[in-house]
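Only one chain is included here, represented as structure tokens and corresponding to the form predicted alone.
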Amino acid sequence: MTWTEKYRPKFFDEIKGQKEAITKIKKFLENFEKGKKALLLHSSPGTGKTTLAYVLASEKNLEIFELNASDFRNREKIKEVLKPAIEQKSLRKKGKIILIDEVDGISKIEEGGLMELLNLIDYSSYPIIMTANNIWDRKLSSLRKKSEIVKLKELNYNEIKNVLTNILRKEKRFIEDDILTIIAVKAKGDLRAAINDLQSISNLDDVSFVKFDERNKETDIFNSLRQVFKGKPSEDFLQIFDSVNMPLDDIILWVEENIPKEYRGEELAKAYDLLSKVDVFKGRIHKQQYWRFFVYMNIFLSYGISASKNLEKIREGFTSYKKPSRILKIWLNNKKIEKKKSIAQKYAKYVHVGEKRALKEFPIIKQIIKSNPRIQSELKLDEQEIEYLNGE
């Protein structure tokens, strides 16, 4: 048995560093009947998202039914697998928890799959707990609205080192303290990876020659913003957004939305001036295809904005950063354009005209299609296309 399984916590008091998340999870279950039906646990890998779900089920005497989002290839598959799990009662326990691991993977399947999951969340009489590494994909916005969102804390190296020490004590083995420190630091908050490293060297007589690779770890946008806005600028800031799994255009919108939460007066003006220069160089890159300008974009967006603040009066404490409203507006507009194009394509094919002509004459075509359900049926419009017509 791997040590990650052998020493997986069975009770909440065995879980280290996640007191706030545990409190929120318990509250979610208590308020399930009158609150949201889905809980979304997110954090970087190895922090205990799946473990928390299993411990909750164990402590509350609930059966757990685990699925992985990679099993959901399309809408029909989700309905086939998940709906029976939601409908069937537990035979041995007093209730049930539906656990969907790596739900952020669902954004890669067809759009109907996500819609089906949202419908089943509403339909479910059991709590649905989902885990994800990154929940900020645009496609997951509707899922975020349906869910109670809980972020797990990233463990520091001392917390990881204490866990490793306790495991060695139980296994009656010894490894030098400085080696344990190296493993804990290199894991970058990934406890599972640290335990695996520990087990892999536990039988070696000499571990001095072992080289521990530093985890190439993604950073979420919140941590990156916190470092830029609250930290003192350094050369390290030049790579601060490299590990964020998000397009640069989206990162720019996140920075734009949250600058006023941290900066005031002159420092606010400086930060926005530098952000405007980011946009200028972005335009030059697209126009001239001179990608060397990307270096300047990166400097302004990270080090520059960080250096704009008054370093003697840095605002300490927690700040809740907000998802940019412009992303939602852009996304909604793009969805409208997609539906308009798909309807125009179906119409053009049916009446044997060009798509450009159908798009040009769309205001008239729309009214004709909208007024007659029979035409909608003939064109085989789906529910979302009909909803688009009626909502316009």
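On a predicted model such as this, the values are computed, not experimentally measured, just so you know. The first residue of the sequence shown is number 1, and the count goes up from there.
One more form of this protein exists, namely the form predicted in complex with a small molecule; it is left out here, but the text below deals with it.
Of the candidate stretches 59 to 67, 359 to 367, 342 to 350, 41 to 49, only 41 to 49 contains residues with a heavy atom within 4.5 Å of the small molecule in the predicted bound form. Think of it this way: in the predicted bound form, the small molecule has a heavy atom of just one of Arg144, Lys96, Arg192, Lys186 within 4.5 Å, and the residue is Arg192. Note on contacts: among Ser124, Ser306, Asn298, Asn133, the single residue with a heavy atom within 4.5 Å of the small molecule in the predicted bound form is Asn133. Of the heavy atoms in Glu378, none are within 4.5 Å of the small molecule in the predicted bound form.
Although the partner is absent here, Lys24 is not a contact residue: none of its heavy atoms lies within 4.5 angstroms of the small molecule in the predicted bound form. Among heavy atoms of Tyr7, some come within 4.5 Å of the small molecule in the predicted bound form. Proximity of Glu20 to the small molecule in the predicted bound form: non-hydrogen atoms within 4.5 Å are absent; the residue sits far from the partner.
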